[in-house]
Ligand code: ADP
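Coming up is one lone chain in structure tokens, specifically the form predicted alone.
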Amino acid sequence: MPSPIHKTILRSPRVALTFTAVVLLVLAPIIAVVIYQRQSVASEKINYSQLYSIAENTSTALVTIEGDVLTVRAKDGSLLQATVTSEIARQGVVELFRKSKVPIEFQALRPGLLTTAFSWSIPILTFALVGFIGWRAYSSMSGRDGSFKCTDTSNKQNVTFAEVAGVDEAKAELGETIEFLRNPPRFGRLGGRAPRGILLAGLPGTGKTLLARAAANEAAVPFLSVSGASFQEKFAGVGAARVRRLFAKARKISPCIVFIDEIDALGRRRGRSSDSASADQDQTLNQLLIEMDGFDQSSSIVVIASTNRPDILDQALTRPGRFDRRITVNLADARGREAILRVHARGLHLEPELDLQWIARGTPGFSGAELANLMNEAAITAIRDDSEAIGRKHIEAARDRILMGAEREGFRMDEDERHATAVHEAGHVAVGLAAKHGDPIHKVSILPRGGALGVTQSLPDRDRLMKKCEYLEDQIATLLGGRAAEQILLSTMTAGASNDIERAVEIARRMVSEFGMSPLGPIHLGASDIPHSQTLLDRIEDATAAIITEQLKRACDVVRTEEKAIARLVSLLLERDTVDSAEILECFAKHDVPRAA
């Protein structure tokens, strides 16, 4: 009857292989030593003088020479061994034996103990290595390798729903499913069942994985977590085997939650290509569809998946019965951002007068991950300044670094380029202040940041869920304000406006081809691979060019009107490099007035 240790080794291929390798490593040198000792014959050690005396008499039956070692076999069968390192002395002794007509044999040098050990260890280790490679290949092809782990991580998460802020609707829907797993009779008394699957969709950094981690902590049921990319391997059929292995384990421990992170790596639309890689991925997806559709009504297995590309998922995967619910995790509004900031501000030393609501208002469009990065960058800036706490200036510096890039402190421009950059940025500011529907100008700088020589920063005063035509036109005009200032005030054009023109043309083209904000009416080009007539494309380009021309003319009119104010701002920029909103308004002799909606 096998012992418990033997049973454990038999159950685990990894343990069995490790045990075998250790045994081989121990046996190889032992075998080598035994063989070496068997090859060695017991003999008595003598010195050169004794050897010389023996050579002078006739009691020797055989002399064996192996390098500088001479072995003398006496007529009674005893062995005497002497080491003679001097070649001349060795030749003299051999000559004496020859004169006495004693048979002399020359043998090749016998390998030492270390050489013998190596000669026996290398084949054994080679055999073990080949066995290991074969075992790994078999394990990968059968889906049993250690690179794919579907372990229960419910006890390893330290995130609760209380620490997930800004996504209250998603928390409510996810919490309802968790409550179903905790108390099935409450929801099943009218014949209902738990959702088969929940798809968390949203932009990167909005907290999809964080929600899943909180669900793992709140569920009080086993939580199997895997990555969508972990199902792919170089061997065909591995992905499908791993899917079967995952759901087989889920059925054993149900009720449970299975979380697949970045499911778009696994659930892309089938039939994209005819190559073997796509065929294997389609086979993996087919297996996932079969497993999710084969749930027993009482199995209590819920699949939660996250993705930021729901548009590329296969329709069979997102239909009811597989992923019954699709929870969209949106960017947080101002109140949500404030709640997120409060979570990330825990453990940070903030100045008492620092208002998190002010930070939330000034970070529209920031995701939860970007807000966490903002607070971390502010903390690093405060440490660099040897400050005792994080203040408003550190938040400003961190936000500038994130939005505009790091300052290129070692970069220096000559005076002509600095003046041209100041005029360009002042043109942006002048048109931005004149635009009634645009975003307020927050700061302008001619310090090189990232790849730009100067930056004009606009911060929205509110979250814009719907952008009007007037707002987009003001954006285009503000972007072209730098080129307008170059043409009118410098009588030239620079390449620094290339990015502004690119962004302005992109907005104008979307106004024409997606939003229907042009004389062409409501048209939509759709996907880029859909063919369109050349006439329609030409009309779209003409309408786009007309919008750009009109807004450039508008920007030029503003620059001519505000020429003196622009000159004041240029002088201030050349003096200070960076000018904030209050000083900008003083240069243009304007007061801060509410913007039109």
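Since this is a predicted model, take the numbers as computed values, not measurements. Note that residue numbering begins at 1 and tracks the sequence as displayed. Between two forms, the rigid core is defined as the largest C-alpha subset superposing within 1.5 Å.
If you look for the form predicted together with this ligand, you will not find it shown, but the lines that follow are about it.
With the partner omitted here, the residue from V429, I340, A477, A305 that has a non-hydrogen atom within 4.5 angstroms of this ligand in the model of the complex is I340. A heavy atom within 4.5 Å of this ligand in the model of the complex is found for one listed residue only; from G92, P519, P204, G405, this is P204. Between 248-256, 413-421, 164-172, 397-405, the stretch whose residues reach within 4.5 angstroms of this ligand in the model of the complex through a non-hydrogen atom is 164-172.
Proximity of H344 to this ligand in the model of the complex: non-hydrogen atoms within 4.5 Å are present. In the model of the complex, this ligand lies farther than 4.5 Å from every heavy atom of G239. Within this chain, A369 lines the site of this ligand in the model of the complex, having a heavy atom no more than 4.5 Å away. In the model of the complex, this ligand lies within 4.5 Å of some heavy atom of L210. Once both forms are fitted on their rigid core, the CA atom of S513 lies less than 2 Å apart between the shown form and the other one. Core-superposed comparison between the shown form and the other one: the CA of G202 exceeds or equals a 2 Å shift. Comparing the forms between the shown form and the other one on their rigid core, the Cα displacement of D333 stays under 2 Å.
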